[in-house]
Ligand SMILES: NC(=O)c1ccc[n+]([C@@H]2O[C@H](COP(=O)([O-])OP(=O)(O)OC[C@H]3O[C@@H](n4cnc5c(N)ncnc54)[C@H](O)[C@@H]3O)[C@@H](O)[C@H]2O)c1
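We begin with a single chain expressed as structure tokens, specifically the form predicted on its own.
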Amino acid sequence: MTNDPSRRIVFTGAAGGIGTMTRPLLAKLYPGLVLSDRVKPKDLLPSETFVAADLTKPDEVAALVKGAHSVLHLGGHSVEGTWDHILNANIIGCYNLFEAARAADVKRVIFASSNHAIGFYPRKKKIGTDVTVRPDSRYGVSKAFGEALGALYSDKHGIAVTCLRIGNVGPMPLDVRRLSIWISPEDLVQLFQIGLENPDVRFEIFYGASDNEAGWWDNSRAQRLGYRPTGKSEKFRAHAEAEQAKIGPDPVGDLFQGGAFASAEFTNDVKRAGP
């Protein structure tokens, strides 16, 4: 599929942080990307097309995905927010995207899920992709919803869906927690490629993490389908520990994989939280 101009790929959330980091890499692999967001990304390449769309408006989403072969769905609200904000951007918007994809006979959808869908698992517990979701926030709930919606549209309508429980994307991990969940932009694009191209994908959940010595996640399914991460967070440990010292302790967040998302608004006893 790489470099096949006949296959239209739509990339939602293209102006966001992850979109900005991965676009230059994707443009080399998939010339002719159709980028979408509410605002136009900076530095649009001649090979890229921009289509503005509000995910909460079904007609705009339908027009966006018409004629598309695949969708990279990173659009939506990327942090915790009020229920109304999360509901509209991440739940209604996600439904509109999958329903428009079905109607347009889109073959593949890659959904940007999040580590916050499983954020209440303890840091001391290594988990696979088959665990029960334990979201740490309203944002995490929206990502668990998106995974369930992806399973529905895969099983009922035959769309090949890949859900990526993304850790933290960037040039390096920014604190000790992110030594466990960091992923380089290059490794994330590898996972995008599997979702876009691997013929064995039906419905998959992968962890968006590089080859991290301190990792909490079993990503063997992604590896079986060809994932070969090259990023290693351990080489940034000194920097991460120095930054962590500036942050200080979080008696709740330091226990759980979701960190500050788990501790925000927390009123429970930590002994009664998580599995």
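Numbers for residues come from their place in the sequence shown, where the first is 1. Since we're looking at a predicted model, the values are computed, not measured.
FYI, the form predicted together with this ligand isn't displayed, but the following is about it.
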Fill in the blank from the handout: Per contact check vs this ligand in the predicted complex (non-hydrogen atom within 4.5 angstroms), the hit among 242-250, 36-44, 226-234, 23-31 is 36-44
Exercise for the section: Please pick, from 205, 179, 74, 106, the one residue with any non-hydrogen atom lying within 4.5 angstroms of this ligand in the predicted complex. Expected result: 74
Practice task
Look up in the predicted complex whether residue 184 has a non-hydrogen atom within 4.5 angstroms of this ligand, and give yes or no.
Solution key: no
Handout entry: Residue contact check: residue 260 to this ligand in the predicted complex, 4.5 Å heavy atom
Key = no
Problem - is_contact(residue 193, this ligand) in the predicted complex, heavy atom dist at most 4.5 Å - result: no
Handout entry: Any non-hydrogen atom of residue 220 within 4.5 angstroms of this ligand in the predicted complex
Key = no
Problem - Contact test, all of 19, 56 and 112, partner this ligand in the predicted complex, heavy atom 4.5 Å - result: yes
Practice task
For the heavy atom contacts within 4.5 Å of this ligand in the predicted complex, list the residues of 150-174 involved, in sequence order.
Solution key: 166, 167, 168, 169
